[in-house]
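Next come structure tokens for two forms of one protein chain, structure 1 first, structure 2 second.
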Structure 1
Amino acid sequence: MSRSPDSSTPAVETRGLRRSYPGPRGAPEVVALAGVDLRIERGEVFGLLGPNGAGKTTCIKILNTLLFPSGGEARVAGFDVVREANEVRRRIGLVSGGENSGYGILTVRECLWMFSQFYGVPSSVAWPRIDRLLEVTGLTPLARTRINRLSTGQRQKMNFARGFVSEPEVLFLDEPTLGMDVNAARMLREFVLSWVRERDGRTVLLTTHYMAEADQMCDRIAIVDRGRVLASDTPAALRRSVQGGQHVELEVREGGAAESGSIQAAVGVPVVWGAPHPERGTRTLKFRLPEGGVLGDALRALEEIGVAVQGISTRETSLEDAFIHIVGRALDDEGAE
């Protein structure tokens, strides 16, 4: 008989989690996770962000009992992922972007019912739940369509619905909107947030390459790189971790008297040249105005050295700015693996 852990235990907890692989042909071992500490509370939507090769997928596989750790420990829903793997599997769901799952000869509705039976969901409960998920994902008209006739986006919607048929305590969403159109992705993000709030204790761990998706959905985010957690906090706090101030983009007339050095001296902060606009004879000039700085002062200083400003736009620090500041490169850059 399965036991129930104390509901006060975190949904996910890792301590010193490590995973390494032998290097090719006697080369040094490849370290995918180098001592990851995470604590995800019940009821959270928690994001895991990192460049390609940062160790996110390895971490997800260990937490889903698909891969053994090389060291440390990990618990999901209060159960050890190695010693109590069956207890973990009863309580989790997984949606992976681009996954080619299911049996092609089954219809969408039949496939979802099959997965519900793997978890022992009574048919009287499974069928109404499946019909609701088909409606949420927009697959109701395709309910009796064989899986091998679905498009990539439609198959991903079915995979998404499959993750909810067992009503998991902890749901892992690994690039869940990959291959979906913008409207479908937006609707499914809204469904995830409403699903978490419907019942106490439901928890989601999300990995995504879409910064806006993480910013919108996540209560907290951990930024990982080269197998280590570099920062973990709310999206707002991560943005605040970057030096404050507005990001300014100026469209300036090319061929002016001033060069980058004199422009930088005038505004008092590092400047970066952006895209040229040949049709208008201008270029984009980018810099971050320090907190408390006055844009008007910077514009007057540029005017004094002969820089003709044709257009101005400003924005606040974004989650992507914070990510680049913490990691040192963008999300799509290759990592160490």
Structure 2
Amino acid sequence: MSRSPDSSTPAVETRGLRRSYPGPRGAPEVVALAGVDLRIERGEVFGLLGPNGAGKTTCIKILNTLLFPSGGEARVAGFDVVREANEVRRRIGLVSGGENSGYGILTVRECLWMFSQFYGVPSSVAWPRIDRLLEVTGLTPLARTRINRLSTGQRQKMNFARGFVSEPEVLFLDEPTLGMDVNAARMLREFVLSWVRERDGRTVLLTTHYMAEADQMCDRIAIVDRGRVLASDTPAALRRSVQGGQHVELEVREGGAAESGSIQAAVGVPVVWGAPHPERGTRTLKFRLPEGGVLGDALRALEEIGVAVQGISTRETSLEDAFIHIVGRALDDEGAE
């Protein structure tokens, strides 16, 4: 039905992609994308990783022909998203996590069938495919339940299945596992990976806030912040970009007199605060000890400025470390500069 993928063109290509939104009443406009260059090859699982407001969803909306860019160029499967929107639409699928979409009056199965019809999938192909997707998402027992009777997570799963009924060439998953329980999220991650592997030249562009998800699923990752791509590489290469050394996590007592500034000076490298543990009255302090650095020296320096260390752990470089190194802050400490 649809033309076979032309493997010579990348699945997604953007050049200098920009988008701004008018600011609220007189305020300056919000720049969501400030010149993004991406090149995603056929057959890749590609991740966009970035803090809230980085511009990930905006980028996906533009690639899905929902939103015009303010500048630059974007192509999906070789077609321009502005001038050749209809060609793009034949080849894409979209799943947005964390929303409550669906025709409440239809059953799960009917809703999926209907969308398959919107994509011109013959019913004889659509029904077995739908049954398989219901199985994968664990919705088989709910197949004949009306959508307005589903829980949020169940709707989410149906929405996920909807993205696959047309077997799109390029699939956009915007935080697909948001709001799902741990087991469901893991099953669906595995399903996406096998879906891509079993088919030739299918591409997935994924955004997520879960580092492990990005690490496990993506062939390549672009780290975005404030509308710019800061780095783009394989997870392994991103990890490697944080040269050697040791990652240290200290559990320190809260309420010490020392500030981040003096702590940083004492340790001699940038530090990041992690989650507090109110039940123990402590908080996690993370930093990367450079190669050749001696942990004992750092601990002594901290003791001198009155930081009480209650626990120590060290580990290998993770994707999160790379993220912190590149973005300058952790994914979860929102707005921290």
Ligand SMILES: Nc1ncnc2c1ncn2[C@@H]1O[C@H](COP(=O)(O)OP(=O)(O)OP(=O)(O)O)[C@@H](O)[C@H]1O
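Whichever C-alpha set is largest while still superposing within 1.5 Å between the two forms counts as the rigid core. Just so we're on the same page, residue numbers count up from 1 along structure 1's sequence. Remember, it's a predicted structure, so these values are computed and weren't measured experimentally.
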property: Structure that is the form predicted on its own (1 or 2); result: 1
property: Core-aligned C-alpha movement of residue 46 between structures 1 and 2 reaching 2 Å; result: no
property: Large Cα move at residue 283 between structures 1 and 2, threshold 2 Å, rigid core; result: yes
property: Core-aligned C-alpha movement of residue 293 between structures 1 and 2 reaching 2 Å; result: yes
property: Angstrom displacement of the CA atom of residue 23 between structures 1 and 2, core fixed; result: 2.7
